[in-house]
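Form predicted alone, single chain, as structure tokens, below.
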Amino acid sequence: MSLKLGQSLGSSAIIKTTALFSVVFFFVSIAASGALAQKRFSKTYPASKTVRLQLTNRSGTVTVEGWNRDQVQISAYLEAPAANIVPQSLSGTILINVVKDNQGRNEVGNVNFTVRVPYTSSVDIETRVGNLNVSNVRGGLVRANISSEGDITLTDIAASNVSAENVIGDIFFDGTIQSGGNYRFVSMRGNINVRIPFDAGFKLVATAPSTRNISLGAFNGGTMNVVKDGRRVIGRNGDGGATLTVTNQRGSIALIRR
């Protein structure tokens, strides 16, 4: 009887040990696969102060930061299955097109970019899904476009032409308004907040047809007129030198004093 009991206990110990090794191997496998799931891409280009960055992503976050160097530094983290990235430097333009570089591939993981450019650069970025962030840029153009869902955040911007457009998500702009400039913000659903100096000169057309939620804050002066039963505000601030167009189909619009 004692021999059988000993044999039974030995079998139980073997089973427990095997189970323990299986659990350890399972977690080690997960950690290893997680480490392999994300790859890093890095490249630096010499650039003029007026370089243009044109970046088209499929999905993932794109962050562009201006800095005081005559270089474009591209860093990207690629989630599995890793996308192909083939940047090009063409006559003053840094071109990155993840969509084109991965044509014919059904499955491509998120690509999260951080790009540093001379602060006087022009920036033209777009993605299908993901957030777009641009800061400290003073070139001629800042364009951020999301064809599906994601937030757009533009901070410390001093460009003469700015365009931000998404379908679902918030848009935030914080910057200056240049005389003769064109500023356009469009969303289907989300909050659009535009933070600009009180003395900025612009002609305004703000439209929120579904919600009628348009807040002018400190800019609610005598030259602003509410029309179409509150669906639109038309007016002028200062000398009206720039054009400011804000459209939000099913969300709110707010002008904020900087």
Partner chain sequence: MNCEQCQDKLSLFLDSELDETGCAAIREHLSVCSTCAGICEDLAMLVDVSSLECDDNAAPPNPTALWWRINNIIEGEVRAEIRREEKQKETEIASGWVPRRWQFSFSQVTAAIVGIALVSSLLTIIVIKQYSTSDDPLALKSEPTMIDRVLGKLGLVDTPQELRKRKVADREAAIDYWNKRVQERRGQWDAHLRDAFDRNLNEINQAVAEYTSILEENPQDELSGEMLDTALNEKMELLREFSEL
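Numbering follows the first chain given and starts at 1. Computed from a predicted model, the values in this text were never measured in an experiment.
This protein has a second form, the form predicted together with the partner chain, left out of what is shown; the following refers to that one.
Please pick, from V72, A76, I157, V108, the one residue with any non-hydrogen atom lying within 4.5 angstroms of the partner chain in the model of the complex.
The residue in contact is V108.
Which one of these stretches, 111-119, 132-140, 170-178, 96-104, sits within 4.5 Å of the partner chain in the model of the complex when only heavy atoms are counted?
Heavy atoms within 4.5 Å of the partner chain in the model of the complex occur in 96-104.
My question is simply whether T207 lines the interface with the partner chain in the model of the complex - judged by any non-hydrogen atom within 4.5 Å.
T207 belongs to the contact set for the partner chain.
Using heavy atoms and a 4.5 Å limit, would one call R236 a contact residue for the partner chain in the model of the complex?
Looking in the model of the complex, residue contacts with the partner chain do not include R236, since no heavy atom lies within 4.5 Å.
So in the model of the complex, does R231 come within 4.5 Å of the partner chain, heavy atom to heavy atom?
Contact with the partner chain, yes.
I'd like to check something about S147: if you look in the model of the complex, is any of its heavy atoms closer than or equal to 4.5 Å to a heavy atom of the partner chain?
The answer is yes: S147 has a heavy atom within 4.5 Å of the partner chain.
Is it true that N161, R195 and I256, all three, sit within 4.5 Å of the partner chain in the model of the complex, judged by heavy atoms?
Answer is no for this spot.
Heavy atom within 4.5 Å of the partner chain in the model of the complex: which residues of 158-192 meet that condition, in order?
Heavy-atom contacts within 4.5 Å come from E165, N166, V167, I168, V186, M188, R189.
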